[in-house]
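Heads up, the chain below is alone and in the form predicted alone; it's given as structure tokens.
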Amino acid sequence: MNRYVTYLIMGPPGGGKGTQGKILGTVPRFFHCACGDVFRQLDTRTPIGKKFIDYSSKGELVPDDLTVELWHQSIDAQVNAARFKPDIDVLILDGIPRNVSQAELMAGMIDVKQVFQLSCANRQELVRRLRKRALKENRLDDASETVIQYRLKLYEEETKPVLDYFKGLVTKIDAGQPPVKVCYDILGKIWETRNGSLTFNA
């Protein structure tokens, strides 16, 4: 299997991964896939969907191998529907890999060219963004200080080590800037690493 040319967007909750992924997904020859969307769109009638529900209904974490399998099936469906054309498109991922184990499982599937670390030194700004988003989306439980601090702690312990896994490919981007400037910095680095070519042909 050919590996998909991929750019990862990583950062703490509230860092703007989803925002940047959606913006980049509107650029021709970029295909954005958010892991959260994969779970939300899951067909629970399928065998793999039933497995997912079996774990989540018990409040248990979905195993990494099942998470990656779900993601891979979703990407294959996008390829079969010709929405994602891996011979000419590049893949923009956010929300996966969520830990080093997932990164290892995905090594044979994605050819990571660059990892963009959306960094925000102001922790209170992240809390403010998360609370604002939770209230906007009417997810009141997610607006609590306890839930927000837990999510930030989980990122530090489980997801941040993925940056070390991709050491040498990481570009830090100031997530405290306006979203358009963050996007500008990301696109500038992609342009630079692709030698000024945005056709992405092999």
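The term rigid core refers to the most C-alpha atoms you can superpose between the two forms while keeping them within 1.5 Å. Here the structure is a predicted model, which is why all the values come from computation and not from measurement. So that there is no doubt, residue numbering starts at 1 and follows the sequence shown.
This next part talks about the form predicted together with a small molecule, which is not shown.
- Residue Gly36 is the only one of Gly49, Pro161, Gly36, Gly176 with a heavy atom lying within 4.5 Å of the small molecule in the model of the complex.
- By the criterion of a heavy atom within 4.5 Å, Ile96 is counted among the residues contacting the small molecule in the model of the complex.
- Contact check for Gln102: a heavy atom falls within 4.5 Å of the small molecule in the model of the complex.
- In the model of the complex, Thr171 stays away from the small molecule, with no heavy atom inside 4.5 Å.
- Put simply, Glu157 is far from the small molecule in the model of the complex: not one heavy atom of it is within 4.5 Å.
- Although the partner is absent from the chain shown here, Pro13, Lys17 and Arg133 each have a heavy atom within 4.5 Å of the small molecule in the model of the complex.
- For the small molecule in the model of the complex, the listed stretch (60-68, 22-30, 41-49, 161-169) containing residues with heavy atoms inside 4.5 Å is 60-68.
- With a cut-off of 2 Å and the rigid core superposed, Val170 has a Cα displacement that falls short of the cut-off between the shown form and the other one.
- When two forms of a protein are overlaid on their rigid core, residues whose CA moves 2 Å or more are considered shifted, and Asp54 is one of them between the shown form and the other one.
- The Cα shift for Ala143 between the shown form and the other one, taken after rigid core superposition, is 2 angstroms or larger.
- Relative to this form, the distance between the C-alpha atoms of Gly49 and Asp76 is increased by at least 3 angstroms in the model of the complex.
- Note: Asp141-Leu154 Cα separation is 3 Å or more shorter in the model of the complex than here.
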